[in-house]
Ligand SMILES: Nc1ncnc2c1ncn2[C@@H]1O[C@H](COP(=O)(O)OP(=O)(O)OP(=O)(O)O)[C@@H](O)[C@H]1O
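Only one chain is included here, represented as structure tokens and corresponding to the form predicted on its own.
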Amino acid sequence: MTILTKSFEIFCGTGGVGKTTLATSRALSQASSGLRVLLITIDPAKRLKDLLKLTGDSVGEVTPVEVSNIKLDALLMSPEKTIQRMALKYHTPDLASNRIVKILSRPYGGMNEILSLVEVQMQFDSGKYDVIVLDTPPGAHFLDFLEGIGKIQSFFDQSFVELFTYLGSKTVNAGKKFGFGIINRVISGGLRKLLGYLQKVTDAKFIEDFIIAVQIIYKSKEAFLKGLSLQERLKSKSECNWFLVTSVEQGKAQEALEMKQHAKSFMHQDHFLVLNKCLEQEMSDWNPVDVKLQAIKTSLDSREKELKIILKQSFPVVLEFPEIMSLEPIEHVINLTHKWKTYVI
């Protein structure tokens, strides 16, 4: 089985299937081949932080790591840090200081998915990496990440064009105040209702801050709009590998099938199911004498084989990875890194 190297490699799956461990091992496997690799996690659980023993100061910063003499960079996604990088890159310092933007860029402020896409695109544009391996949030949160692309499109769609055009012509006017009356005259329907509602439940200062936030975001719109181009790259067979991770545990395979259905508009047909924690090899080497243990072996073996038959009917390629019997998480990663080498890169 040949897995071609592509610019983006996305790992997704439900919780508890070893998604982050497999993403890390894949990144190490790629890096061991001499590629410049960035491993990004947007999983809020920060499993990667524990796995690679990263410090709290490393959150949001690209951090060089070394595992078993293999070097790569890792990034624990931080919306706040992404905003700061955007402000620096696009010369919009107000983006990092505006209080509305700060609220929106909190861990659950509503912009996480959008900013994750922006971060991936900025890192790709830096030209520093051959491959970006992306560890996505588990389950439904992963679907939120995918929908983030649509959120960018919605935010910058036609209903905002008049507002951005108006504000764009005014951004050079230092000290210009945008009151509700002015906005009311230049925009239509939906946004006017929103500002009207905000005026009722908040104060005038909040309205002013909100409008200024929109103005600031407009000045940085290039970063957001570039995130849209990522959509086509992720859908492209030539630029992106998709790895949907599941395990042989009860119920996990069905969750994988459901995720595939939800993500079908994003995943191209050239994708991989990664079946983790397989026991078939261990079962073949285990020859218990006790009758009860023999029954357990038969049950485990038959259930795994039946599961593989079902999954291979639904996925074009199934990659099998064994259960690693070790108490040290990093040993799991190293062993799985070697396993990737059996799939010719």
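Numbers for residues come from their place in the sequence shown, where the first is 1. For clarity, every value in this text was computed on a predicted model and none was experimentally measured.
Quick note: we don't show the form predicted together with the named molecule, though the next part is all about it.
Not displayed here, the named molecule is kept clear of residue 334 by more than 4.5 Å at the level of heavy atoms in the model of the complex. In the model of the complex, no heavy atom of residue 308 sits within 4.5 Å of the named molecule. Residue contact with the named molecule in the model of the complex: residue 17 places a heavy atom within 4.5 Å of it. At the 4.5 Å threshold, heavy atoms of residue 227 stay clear of the named molecule in the model of the complex, well away from it. Heavy atoms within 4.5 Å of the named molecule in the model of the complex map, among the stretches 235-243, 217-225, 270-278, 257-265, onto 270-278 alone. Shown without its partner, the chain has 322, 323, 324, 329, 332, 336 in segment 316-340 as residues with a non-hydrogen atom within 4.5 angstroms of the named molecule in the model of the complex.
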